[in-house]
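Only one chain comes next, encoded as structure tokens, the form predicted on its own.
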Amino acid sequence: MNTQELGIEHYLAELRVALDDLPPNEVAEIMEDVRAHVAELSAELGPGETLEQRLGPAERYARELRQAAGYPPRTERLPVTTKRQWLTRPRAAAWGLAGATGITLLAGTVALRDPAVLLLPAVILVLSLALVHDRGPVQQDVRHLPETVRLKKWLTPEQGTPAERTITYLRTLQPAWWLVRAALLGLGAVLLASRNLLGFLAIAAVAVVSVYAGPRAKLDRRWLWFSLPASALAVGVLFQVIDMTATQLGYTPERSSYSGPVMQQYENIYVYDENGKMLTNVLLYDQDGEPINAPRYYSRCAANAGPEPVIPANRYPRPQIEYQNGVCYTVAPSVSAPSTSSAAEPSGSAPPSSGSEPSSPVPPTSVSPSK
């Protein structure tokens, strides 16, 4: 949009404001006719000539249009404007922009996990912009809202004050912020590339358009409906990246891979006296008087082999179990004497080795230690 086109939009916007007390349908018809007339007239303007020089100020031209259409002057209709509804199109659009920007900021903090949350502010932005898109690039209706005037006054402190110097300095950093905003959005898109293709494409597109929208919003205020939420999304992504980085820095492999000490499981216990002789029928208890039971399972023993004698689970050494023809036999335990450097060789006859013939088996019966 060149300077001449921008001047036409400014003139039409001021003309619409001067006619805003008329019924909306009448204003739409008048503006449709005036827009075509102004477009033809602008083509006839000479170098340096403006519409104000041809048509006069927008307020005066509006009075002429009122008179031609048979409407009274604006001063006679002012009391009627006080009866208009509070929720007008410009106000709905302005509050939609503010609400969508806030929601986008919150959604940006989780957008890398679930990009679908950005659909809500996107819908609000489209609907609110549609309400005033035909009002021109200057958005006079929104700028003249009482809340907009108060906000502008709050953001424009008195000259010479520290607040005024700070705001002026921040405004000079706008081009740098547009680049930083695009970089943050690009980083978010990269982090989404391997997990969510649609989210990657959406945020990457926002990053690219945001570079164009920043400077464009200064000439066409309708771009604010894209630029402000894009800034909020970039800040939200920054917060999430900081949170992810802090989580990664606090992660230690040693802490995550730590496991408790592995307890050795014993199936049987053999007790020897100081002379190396194996003791039998030894009952073991811990310091609290609880039996020390080494787990052992005899899953192959027949369950229907008759009454089973109960052997205390803490009596050691436990008998060995031989399984033949569906019947479990108890065999006296056999184990070699310990052969450590500090242990003495057992005196007397040693128990039969595991390879020797088993001692006389107990008559066939099924045995299982109590638990």
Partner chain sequence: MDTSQLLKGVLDLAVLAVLRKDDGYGYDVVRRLRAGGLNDVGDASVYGTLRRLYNAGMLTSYVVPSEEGPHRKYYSINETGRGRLAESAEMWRSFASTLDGLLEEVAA
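Residue numbers count along the first chain shown, from 1. Predicted model, so just to flag it, every value in this text is computed and none were measured.
Not on display, but discussed next: the form predicted in complex with its partner chain.
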Partner contact for residue 32 in the predicted complex: its partner chain, 4.5 angstroms, heavy atom: yes
is_contact(residue 61, its partner chain) in the predicted complex, heavy atom dist at most 4.5 Å: yes
Exercise: residue 71 in contact with its partner chain in the predicted complex, heavy atom 4.5 Å: yes
Its partner chain contact at residue 40 in the predicted complex, heavy atom, 4.5 Å: yes
Contact check for 149, 158 and 221 against its partner chain in the predicted complex, heavy atom at 4.5 Å: no
Closer or farther: C-alpha pair residue 32/residue 95 in the predicted complex, relative to this form, given a change of 3 Å or more: farther
Direction of C-alpha distance change in the predicted complex, residue 139 to residue 22 (at least 3 Å): closer
